[in-house]
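First comes one chain, alone, set out as structure tokens in the form predicted alone.
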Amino acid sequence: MADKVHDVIMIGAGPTSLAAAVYTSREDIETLIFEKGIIGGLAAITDQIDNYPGFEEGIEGLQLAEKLQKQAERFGATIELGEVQSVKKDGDVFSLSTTSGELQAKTLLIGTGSEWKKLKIPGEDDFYGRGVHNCATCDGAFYRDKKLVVVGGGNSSAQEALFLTKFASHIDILIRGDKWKASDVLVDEAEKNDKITVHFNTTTDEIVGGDENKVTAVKGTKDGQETTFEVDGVFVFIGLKPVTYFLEGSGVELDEYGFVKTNHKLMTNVPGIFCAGDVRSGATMQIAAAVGEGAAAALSIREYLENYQREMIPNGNGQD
């Protein structure tokens, strides 16, 4: 695999990379997208997207992801599943260590987006995927007529809790602060739903399991008093962090929060490495913006590759 040098490798197959791939592959720029998880990223596991232009009735996240994937593949982009573990400059190309072996490319696009933060409390890792979740659309149906806790007070928490009411008998939303951080529309919907009870000034301290290795309760502190919620599952939505661990040692500059810094052409401080979407410092965390940045990054990649090709030709004209 290392013998082939790709024109561009896009790390992450979210809306940013899929949009960028439409542009690069249409320009006959050989494009490989490498994804470790779900094609479409967090957008794919969002129940309903109401603010993406062109869909007046909204669109399911998975459906939008599938449309973006098909469009990118239609023009020749290739998508492979695997994890990028490290990136380094190797002469005139970039070398990537991956779970599928060594890959090489003339340019890179970092489009890895963000992932959900963890509570870092006892029981969270022990029951992850078996009672502790970050995706309501993926796992909500397992909790039909069950009791759930949703942790978090932002838009995702409110939206996902509302989705979970399709299945659960009751949902307790635990919010550390004294008020919501979600939009008024979502707050109004959540608070008037008979299946939802909101608890402010409530911390989530421990996730407890029973003899069958399943979640049975969540221990917390509400207004300074210890309290226990007897539930069957926990969904955690406490914010996002950028996926940039694989850039350690690459020389790519990050901001104080771990997001990738870029210039106005979406190129990092390392020439040939570009970044767009939610993982970029200053991103708006909106799908439409991520798609737009992907298109802009693709145009910058094209320009860079044109210069790259000229530099590879002796005297710039193909003559020795």
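Model, not experiment: these values are computed from the prediction. Residue numbers run from 1 along the displayed sequence.
The discussion below concerns the form predicted in complex with another copy of the chain, not included here.
For this session: Examine Phe75 and determine whether its closest non-hydrogen atom to another copy of the chain in the model of the complex is within 4.5 angstroms.
Result: Although another copy of the chain is absent here, Phe75 would touch it in the model of the complex, with heavy atoms inside 4.5 Å.
Exercise. With the cut-off set at 4.5 Å between non-hydrogen atoms, does Lys261 touch another copy of the chain in the model of the complex?
Worked result: Contact with another copy of the chain, no.
Problem set entry | Contact test in the model of the complex: Gln71 vs another copy of the chain, heavy atoms, 4.5 Å | So Gln71 counts as contacting another copy of the chain.
Exercise. Would Val185 sit within 4.5 Å of another copy of the chain in the model of the complex, counting heavy atoms only?
Worked result: Although another copy of the chain is absent here, Val185 would touch it in the model of the complex, with heavy atoms inside 4.5 Å.
Exercise. Though another copy of the chain is not shown, can you say which of Leu64, Ile38, Val252, Leu32 has a heavy atom within 4.5 Å of it in the model of the complex?
Worked result: Answer to the contact question: Leu64.
Problem set entry | Contact test, all of Pro122, Lys146 and Lys195, partner another copy of the chain in the model of the complex, heavy atom 4.5 Å | Answer is no for this spot.
Problem set entry | Partner-facing stretch of 286-294, 270-278, 39-47, 252-260, counted where any non-hydrogen atom is within 4.5 angstroms of another copy of the chain in the model of the complex | Of the stretches listed, the one contacting the partner is 286-294.
Exercise. If you look in the model of the complex, which residues in 35-67 sit within 4.5 Å of another copy of the chain (heavy atoms)?
Worked result: Stretch hits, in order: Asp50, Asn51, Tyr52, Pro53, Gly54, Phe55, Glu56, Glu57, Gly58, Leu64, Lys67.
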